[in-house]
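Shown here is one chain on its own, the form predicted alone, set out as structure tokens.
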Amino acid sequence: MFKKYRLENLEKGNLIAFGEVFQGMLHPSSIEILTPLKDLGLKLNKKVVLVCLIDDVDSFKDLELLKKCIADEIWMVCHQELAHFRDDLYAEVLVEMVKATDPCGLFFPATSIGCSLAPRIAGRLNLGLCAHVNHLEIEDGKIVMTRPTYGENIIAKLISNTSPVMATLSIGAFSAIYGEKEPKFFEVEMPSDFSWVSKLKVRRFTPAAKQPNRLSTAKVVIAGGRGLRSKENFQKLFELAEVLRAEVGATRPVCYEGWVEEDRMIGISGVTVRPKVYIGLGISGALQHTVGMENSEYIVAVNIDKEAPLVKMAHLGLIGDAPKVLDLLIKRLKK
């Protein structure tokens, strides 16, 4: 289907992004991370390449989505042994690719797979790796990565001393942009002596019973903090979310309290959201949280403290007890 290129014949010196494919579908964050990389590519005069590892082109379900992405080229590595994600084998494929194509940057979405794969590759190639980057820029011809550090109390700017630059990019930190020009597609042929053997054996695959949340792409987000006072009160957010067709988010403390799963954490350590409407109940507005929602189009804050940072940054602030306001909202909206 695609033009085949031997690995050693591919163009060198590009910015490479890992395109995470699971069950034949591309993870949305793979498209999101292309946005800052395209900007870097224009400033550095480098092509942006999205690399996808799949078992079979015919079983790939998001080909039309890839045709609209802003990458300059798509490199597909196809082999039956890539049907399931196996850290060691996936890492070896990308290590060989780095050795053959000498990219100036290698970037991964900070998903579970991306965070598992990137350190393996960095270790194999003795490279530095910057995790959970939420901003990229060029200074004096070098890639500068911004990320939280020291207990998320400061934002650090980092420059890699090794090449290629490696980083995982925070989920939701960048908005997906689509282009008008279709990228070039290549099927990459690995060297004939490349070993497709993995130490990991997949004996059985059972899909997760729970569907992953869509917090990073939700149009309406309802988030709760300690001001809701109990896990039982927090669970009512899901009732309100169902009425408003929203997703539920949370602050770091309530996730650590076990009120809700950590994949719903908004902020530096969690997901970055950009909804049209964000409603925060019982959230004071610590920097660790607001960094992850400050780009929401319309912010509503419910808190008993009118001096709370989130109330001050909100378009609409409701001064009141968050659990009581939540009950009233559910009662009114269900009528």
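Since the structure is predicted, the reported quantities are computational estimates derived from the model, not experimental observations. Throughout, rigid core stands for the largest set of C-alpha atoms superposing within 1.5 Å between the two forms. Each residue number is its position in the shown sequence, starting from 1.
Although it is not shown, the form predicted in complex with a small molecule is what the next lines describe.
- In plain terms, the part of the chain that comes close to the small molecule in the predicted complex, with a heavy atom within 4.5 Å, is 295-303 out of 295-303, 45-53, 58-66, 32-40.
- In the predicted complex, the small molecule lies within 4.5 Å of some heavy atom of G320.
- Contact between I70 and the small molecule in the predicted complex is not found at the 4.5 Å heavy atom cutoff.
- Within this chain, G227 lines the site of the small molecule in the predicted complex, having a heavy atom no more than 4.5 Å away.
- Looking at P275, you'd find every heavy atom of it more than 4.5 angstroms from the small molecule in the predicted complex.
- Contact with the small molecule in the predicted complex, judged by any heavy atom within 4.5 Å, is made by just one of R252, H79, K236, R120: R252.
- When contacts are defined as a non-hydrogen atom within 4.5 Å, all of M265, I283 and Q288 contact the small molecule in the predicted complex.
- Taking the rigid core as fixed, one finds a CA shift for G13 smaller than 2 Å between the shown form and the other one.
- Once the rigid core is overlaid between the shown form and the other one, T35 does not reach a Cα shift of 2 Å, moving by less than that.
- If you fit the rigid core between the shown form and the other one, you'll see the Cα of P323 move by 2 angstroms or more.
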